[in-house]
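In the structure tokens that follow, the same protein chain appears in two forms, which are kept apart as structure 1 and structure 2.
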Structure 1
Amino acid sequence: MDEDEAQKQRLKAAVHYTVGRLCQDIAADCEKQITKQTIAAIAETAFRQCDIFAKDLEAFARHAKRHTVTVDDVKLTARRTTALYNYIQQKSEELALNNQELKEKRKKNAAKRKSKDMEAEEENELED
């Protein structure tokens, strides 16, 4: 159990660091100072919220009789505010597009390699 605790602490520290950077950026944007206490509070809240999200996600996946949490589960978790839901929807569509592009690139590369291989084979045959 100590290992879990140690890992938890490390994750909390990572979150704190990232949250701190994000907060500083926004505070600088709005020309305000932010106290360390506040950053710590935001980090702690984010960590706990993450916990809640994860429990929801796992419950959704189990409800759909799946073992893997998918994008649809995440979309459900973001259902409370319409704007948030739309934002997540947008991002998921971007991701889907990216995945498609990657797949097509791979297909092209595979096709190129196949044609190169075939050319190499033909050359070998000719030499023989």
Structure 2
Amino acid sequence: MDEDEAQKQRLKAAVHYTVGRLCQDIAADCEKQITKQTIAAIAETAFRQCDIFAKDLEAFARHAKRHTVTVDDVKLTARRTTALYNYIQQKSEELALNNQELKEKRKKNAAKRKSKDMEAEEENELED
């Protein structure tokens, strides 16, 4: 088995494990049982859908002549599923707001450092 195939099998196993844990949690909450075959089918579907998403993301970035996938590419990929698109849009807005707040804090801190440096310089000049 070559390196790529081994990596793919490890990813599939990780997805299967995660889906199994999620199904166990949901089944416990609903007091139901989920068969191993159902878990395997959900895991395989999720893995294939992720593969499709990854290929779409690569195609959108390539079409825009970029080497980096952007938030807009992710939104394009999710556009077919309204709930997913809305969720991604909400998270995107939250991230943008957080980034804006961080930039403002950095500017304030830089301004404070600059004013402290200037005060220290003035004190040094007065001492000389």
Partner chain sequence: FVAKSLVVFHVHGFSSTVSSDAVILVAELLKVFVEEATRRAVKQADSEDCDTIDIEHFEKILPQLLLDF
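Under this definition, the rigid core comprises the largest set of C-alpha atoms superposing within 1.5 Å between the forms. Computed from a predicted structure; not experimentally measured. Residues are numbered by position in structure 1's sequence, first residue being 1.
Enquirer: Pick out the form predicted alone: structure 1 or structure 2.
Expert: It is the second structure that is the form predicted alone.
Enquirer: Does Ala110 shift between the two structures by 2 angstroms or more at the C-alpha, the core having been superposed?
Expert: After core superposition, the displacement of the Ala110 C-alpha between the two structures reaches the 2 Å mark, so yes.
Enquirer: Relative to the superposed rigid core, does Thr82 relocate between the two structures - that is, does its Cα move 2 Å or more?
Expert: Yes, the C-alpha moves 2 Å or more.
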